Structures are given as structure tokens and as C-alpha cells.
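Take a look at this single chain, the form predicted on its own, given in C-alpha cells.
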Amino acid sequence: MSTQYPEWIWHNGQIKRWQDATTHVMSHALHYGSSVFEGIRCYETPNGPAIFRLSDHNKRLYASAKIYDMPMPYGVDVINAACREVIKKNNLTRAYLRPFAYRGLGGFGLSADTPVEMSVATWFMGPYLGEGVLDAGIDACVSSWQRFAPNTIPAGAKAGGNYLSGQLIAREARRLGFGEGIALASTGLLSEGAGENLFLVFDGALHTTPVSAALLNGITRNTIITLAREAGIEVVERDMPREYLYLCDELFMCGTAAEITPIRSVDGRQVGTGQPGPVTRHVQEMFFGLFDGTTPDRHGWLEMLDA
């Protein structure tokens, strides 16, 4: 099945046609995974299209680059503006954004000096894990692959090479017929999904794994923690063993792409009633309410496309 690509992309300071945004096959990032990126969504709202937490996402992009010692050729304000520009150029109002920085063609060694190039792509994206999953939920499995130990690769950076781990987890899950995979940390305790953070519900409280569990501190994760606490829902960040996936009342995963996706079973074992539960539904309502106006945007998270 062919993919319909957008017409325009921002690349190294310019809007170009999609097919003209090229790089050399000997670019450092292509061989060594030396890239950092973000995934951001633009939603339609009653006041017009708004990019959700644009500044926070791109702040993390530059933090990831700092961790990997990548000097960025443009300031964050330029990338924020590029995100808006490329959405408008493609005449989109509901979109996914991919700001991206990578080591280009230079020397051939691991520590070689290379130029850092940047791009911002955008396209329409529906539910990441499939149509209908936000309502019905998915069946997940615990992967045979573990997350990397914290003193090996920095999980706090959203870097291209880090996602080789997620590819192994996700592809194994699909091969076995599951909607997504869940990884354990090197400690044997819960970490996160292939590309999503986890929330378990016990007695009406949200429990989520800590950033020390080899996971990316997701912006959607932070949004849920903030909204839940403001709504009087207890949130506990703690280490949890694998079996808690089978014992919790409700379970969901979250991320910019996955948004808030309920999990109805793990390893063939039903979670709770086997349906998205009341706490999960409440969290979904608060989150998506930011975009239809039913949840007040008290934190300035909605950054208008035409700002």
C-alpha cells in the first residue's frame, strides 16, 4: 500500500518540496543513530488550530541534543516558527509534527565532527495504534526484550538510536498478534511501552513508573499527572513488578502518537473488566477536553497556529 506524503517540508532553514529534502547515504546519523527528534500534535480547537505544548516539546529536543553533544544550528524560536510554517504551507489544521536534528555528512568515525542538519515534517495522523483503539483498547504483551540499563544509553533523551529498543519490542508484539509491547527495565521491574508511558489504576489512584525506570519522561505523561492531581486524583510514581499489570483495575498507555490508549489485556490476561474503566475514561475526557474547550487550558499548553 502506497503512502501519501505531504507536498512541503522545512529543511535546513527553507521550505522545500518533500522529495527535495535529501541527505547523503554516508551521513553519520544513518549509520550510527545520531539524531534527536520530537513528535508533536496540532489539534483543531474552537479558537482555531493549536499546537499542543509546542514550546515544551522543542525545549526537550534541545535538551536531547545537549545530552548527545550535538550543537544545534538554529535557535528554538526558529524551530517553533518552522513548525507553524510547515503546517500552514501544507494546508493542515490537524497534524503531527516531526522536528528532527541529525549529524550529517562529515567524518566516518563514531566521534567524527559532522555538520548538524535539521528538518521539520508534518502530516495527518489518526490514532497511532489503529482505528477505534481509543474507545475499545488494545491487547498488549510483555516483551522478551528489556529496556537498556540507565548507565548505558540515556533514556531521558529522545534520540533516534534509542528507538532501536522500541522497534524490537513493537515488532515482536505485532508478530505475536498483540497491539503493542510492554518492556521491563534491566531491574526486571516495569518500564514503559515500545514508545509510550504506562499508567496503572488501583482503587481509583493512578500509578506510573518513575523516570529512573529507563523511560522517556513523556510530555503526555506530565500532562496526565498535572490534570489528574488538579482533579483530585491521587498520582503515585513508583517502581512496580510485572504482575501488577495483571492485578490492576485499569491500565492505559500514553504518548503524543498514542494519546491515551486503554489496555484491555496483557499476555492474554484480562485487565479489570476487560473494558476501559472509569478512571481511564475520566483521564481521556480531561485530556481531549483541552481541545474541545471542556477542560480549561490553565497552563498555556495550546499554542495557536496563527500566534
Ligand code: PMP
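Model, not experiment: these values are computed from the prediction. Don't overthink the numbering: it's just position in the shown sequence, from 1.
Absent from the display: the form predicted in complex with the ligand. The rest refers to it.
For this chain, the superposed copy of the ligand, brought over from its placement in the predicted complex, stays clear of the backbone and C-beta atoms by more than 2.4 Å at every atom, so the pocket is open. Between the options 195, 137, 179, 160, the residue in contact with the ligand in the predicted complex by a heavy atom within 4.5 angstroms is 195. Distance criterion of 4.5 Å from any heavy atom to the ligand in the predicted complex singles out 220 from the list 114, 209, 220, 143.
Although the partner is absent here, residue 147 lies within 4.5 Å of the ligand in the predicted complex, judged by heavy atoms. Contact between residue 254 and the ligand in the predicted complex is found at the 4.5 Å heavy atom cutoff. Although the partner is absent from this view, residue 216 contacts the ligand in the predicted complex, with a non-hydrogen atom inside 4.5 angstroms. In the predicted complex, the ligand stays beyond 4.5 Å of every heavy atom belonging to residue 28.
The stretch among 235-243, 66-74, 268-276, 255-263 whose residues place heavy atoms within 4.5 Å of the ligand in the predicted complex is 255-263.
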